[in-house]
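Encoded as structure tokens, the following chain is the form predicted alone, with no partner shown.
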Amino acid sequence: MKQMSVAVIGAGMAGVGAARVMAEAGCRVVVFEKSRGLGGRCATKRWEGHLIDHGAQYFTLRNEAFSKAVRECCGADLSEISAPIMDETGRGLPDGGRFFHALGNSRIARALGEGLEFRTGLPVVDVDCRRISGEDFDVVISTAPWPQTAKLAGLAECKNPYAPCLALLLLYRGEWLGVTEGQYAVSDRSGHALAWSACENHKFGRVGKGITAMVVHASEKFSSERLEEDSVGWSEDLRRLVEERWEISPAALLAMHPHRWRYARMMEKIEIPAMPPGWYFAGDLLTESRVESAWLAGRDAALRILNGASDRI
């Protein structure tokens, strides 16, 4: 029997989850990733000598299969955040275990994808049937955001169900400035411009001595309204709000780095139309925007393909 060849578009958590299942079933799998690294929105940046997660801030291990896979491949590099997350009123949020990888959360994808064939720094911009980069595949699994997947698959223009997120990294001179030592993060769902602000120092070993590192994710409203603006303006506005909320002096500021996530969080579920023959879609659009949910979505899509499900994944 001919070995099935599979192209996976995207080396985020969903792509790695799908690729692993297909490879373990005996398929030849190639994962195409436009970035140089792996992880997608589970992203880490080495910046000014520090490791900062500017995408997914932490991950949970609620699902037994995901927990087993992560614990086996990450081992001693798996750590847990002990400081609390507060809401906008100052109340602590429930904690079912908030984990991070000591070398950056993007390393989870690398660890889970150990042994797979990745072709990074290679954007997939055009797919002729199931021919990618000069090679024909029996199956294409796209984990790119749905608008990008639909375009690659040759489908009609589709609705964008994602909200963007403007992110900002901040470095300050001095350790544990303001109220950072007593809490890891503030998650604000009131509509305030600061939907999320967190002190990366709580991920011990990531931030150098004498420094306080902060990560900010703006609200959906703020991000949508200012996505196309010059980053200088919205970065300054977010910085001032962080310093006010965390009681940090602006005089301690050392550096800022802005980042735009155009497809950050699923706003609403949509019905996925019929895909071309041999095409499948997998991603958190089908579940929810969490690290383990994306991995499970990729894994489950691959299992359905192997079990002979239809093209409506």
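The first residue of the sequence shown is number 1, and the count goes up from there. Being a predicted model, the structure only gives us computed values, none of them experimental.
Only in words, not in the display: the form predicted together with a small molecule, which the text now covers.
J.: Report the stretch among 227-235, 119-127, 174-182, 205-213 that approaches the small molecule in the predicted bound form to within 4.5 Å, counting heavy atoms only.
T.: Of the options given, it is 119-127.
J.: Counting non-hydrogen atoms within 4.5 angstroms of the small molecule in the predicted bound form, say which of 29, 70, 56, 52 makes the cut.
T.: Exactly one residue meets the criterion: 56.
J.: Looking at 256, 272, 252, 264, which has any heavy atom no more than 4.5 Å from the small molecule in the predicted bound form?
T.: So the residue touching the small molecule in the predicted bound form, by this definition, is 264.
J.: Is there a heavy atom of residue 35 no more than 4.5 Å from a heavy atom of the small molecule in the predicted bound form?
T.: Heavy-atom contact with the small molecule at 4.5 Å: present for residue 35.
J.: Residue 41 near the small molecule in the predicted bound form, any heavy atom under 4.5 Å?
T.: It does: once the small molecule is placed as it appears in the predicted bound form, residue 41 has a heavy atom within 4.5 Å of it.
J.: Would residue 79 show up as a contact with the small molecule in the predicted bound form if we use heavy atoms at 4.5 Å?
T.: Because no heavy atom of residue 79 falls inside 4.5 Å of the small molecule in the predicted bound form, the answer is no.
J.: Wondering, does residue 9 line up within 4.5 Å of the small molecule in the predicted bound form on heavy atoms?
T.: Residue 9: contacts the small molecule in the predicted bound form.
J.: Can we say 21, 110 and 140 each have a non-hydrogen atom within 4.5 Å of the small molecule in the predicted bound form?
T.: Per the other structure, none of 21, 110 and 140 touch the small molecule.
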